[in-house]
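The chain that follows stands alone, in the form predicted alone, written as structure tokens.
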């Protein structure tokens, strides 16, 4: 049996499924007209030299970009823990009798995240914030039997795109709620008007994609609940080190991104989606992913198991509540180790440092002629929009020779800047020094 099917085999398979061209969905403009050119085979030494030569051409860059993927310090103890073979090589713990270590670690992740976001039931885990949000929308639709979902027009465009893909397939209308031009806060009057139509849920981001906290979450929760809708809050778990937990503000569902808690950026992934709900079996039964539970065995000893597996594809097939039946287990273990290492005081201290660094950057940028930071008059966490007299492209071109990368463009003369614990004030000063010369 050949490793790869022969052309007759391919023809037979295509005839069986009734498709002649398996690549018909790929636009001709992006297809290769001929096989790619590949170098001849090389020995280990040659390959190593080639790779090291390429790596040696890299230059370190101080980046001020975030937008959902953040570079934070990862303590050495976290890397040491997740490098252990029993974590790094483990897979889905379907056999609890041989997976107690992994199950306990994921259970602890759930407990830590539940304490942070203020909701008692957390799964372990989702792919990223985008898929967590899309699954939260589907949960709201299944529970309320409605087909509309309200979101802020300031939300992440990447998350909005993923949400739109899911919504189109599920027949759900996504309704954008406008914001106040000066503060960026969601327009409550517009939200109330939209909720005149039965909505499955209302989604908000706090901190928002543009960096500021929504200041009227309890009011939004009341508006949603008065009309029978659920409130879904997207958040950054780090912000919960100082800000009130979304669960205490009336959230029914909390989603977010947690990869930056103990995981490096590594080219933008893998990520770690957070998903939590309040203690309501109507919500718990409709959650995607899996829950790890704590129990006792026949001898009374503590044990850990996967709970509510009946929602998953390997059992319910097409009747499963989600097509996500895997998870980011190793990232979740790193997150648990990171939070355990920091502790409550360490997490609060880190959140304070992030806000202090961001405020220093805002003050420095605002001192430049023609600059305004933040562009929205609201309370920010670690990201903010800065308006400038020149375009983000011109800024990036000026910063590149100095080993700097500016913010994410969000307008013709505006960019989203991110400050983390790895940014020193010298880095911010260098940024401002270069920008002052434009």
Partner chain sequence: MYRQAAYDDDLYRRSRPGAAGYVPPARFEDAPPLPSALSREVPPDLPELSEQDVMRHFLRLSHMNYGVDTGMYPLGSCTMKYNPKLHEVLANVPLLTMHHPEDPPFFVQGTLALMWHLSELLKDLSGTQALSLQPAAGAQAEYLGVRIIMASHAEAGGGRDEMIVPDTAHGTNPASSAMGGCRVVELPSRDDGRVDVDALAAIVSTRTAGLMLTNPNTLGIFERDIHEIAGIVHDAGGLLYYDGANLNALVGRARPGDMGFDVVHFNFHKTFATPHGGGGPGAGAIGVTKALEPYLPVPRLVRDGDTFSWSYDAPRSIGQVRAYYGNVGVMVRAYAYLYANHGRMHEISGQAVLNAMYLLHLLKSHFEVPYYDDAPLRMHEFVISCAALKKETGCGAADVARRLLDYGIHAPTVHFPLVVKEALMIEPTETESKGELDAFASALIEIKKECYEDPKTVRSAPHVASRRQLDILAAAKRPVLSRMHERG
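Residue numbers count along the first chain shown, from 1. As the structure is a computational prediction, the values presented were derived from the model and not from experiment. Here, rigid core means the biggest group of C-alpha atoms that superpose within 1.5 Å across both forms.
Another form exists, predicted in complex with its partner chain; not displayed. Remarks below refer to it.
- Query: in the model of the complex, do 29, 215 and 242 all reach within 4.5 Å of its partner chain through at least one heavy atom apiece?
  - Reply: Affirmative, all three are within 4.5 Å.
State the residue from 228, 196, 268, 181 whose non-hydrogen atoms include one within 4.5 Å of its partner chain in the model of the complex. Checking each option against its partner chain in the model of the complex, the one that comes within 4.5 Å is 268.
- Task: Using a 4.5 Å heavy atom cut-off, indicate which stretch of 145-153, 188-196, 339-347, 228-236 touches its partner chain in the model of the complex.
- Result: Heavy-atom contact with the partner occurs in 339-347.
Check: Is there a heavy atom of residue 394 lying 4.5 Å or less from a heavy atom of its partner chain in the model of the complex?
Finding: Contact with its partner chain, no.
Within a 4.5 Å heavy atom cut-off, is residue 403 in contact with its partner chain in the model of the complex? Residue 403 belongs to the contact set for its partner chain.
| According to a 4.5 angstroms non-hydrogen atom cut-off, is residue 58 in contact with its partner chain in the model of the complex? | Looking in the model of the complex, residue contacts with its partner chain include residue 58, since a heavy atom lies within 4.5 Å.
Would you check, heavy atoms only and a 4.5 Å threshold, whether residue 115 touches its partner chain in the model of the complex? Because a heavy atom of residue 115 falls inside 4.5 Å of its partner chain in the model of the complex, the answer is yes.
Scan 152-175 and note down the residues that get a heavy atom within 4.5 Å of its partner chain in the model of the complex; none is a fine answer too. 158, 161, 162, 165, 166, 168, 169 sit within 4.5 Å of the partner.
message = Tell me whether residue 49 is among the residues that move between the shown form and the other one (Cα shift of 2 angstroms or more, core superposed).
response = Yes, its C-alpha moves 2 Å or more.
- prompt: Quick one: core overlaid, is residue 26 moving 2 Å or more at the Cα between the shown form and the other one?
  reply: Passes the 2 Å threshold, so yes.
Review point. Core-aligned, does residue 11 move its Cα 2 Å or more between the shown form and the other one?
Key: Comparing the forms between the shown form and the other one, which are aligned on their rigid core, residue 11 does shift its C-alpha by 2 Å or more.
- prompt: Relative to the form shown here, do the C-alpha atoms of residue 44 and residue 83 sit closer together or farther apart in the model of the complex, given a change of 3 Å or more?
  reply: Closer is correct, given that in the model of the complex the C-alpha spacing of residue 44 to residue 83 is reduced by at least 3 Å.
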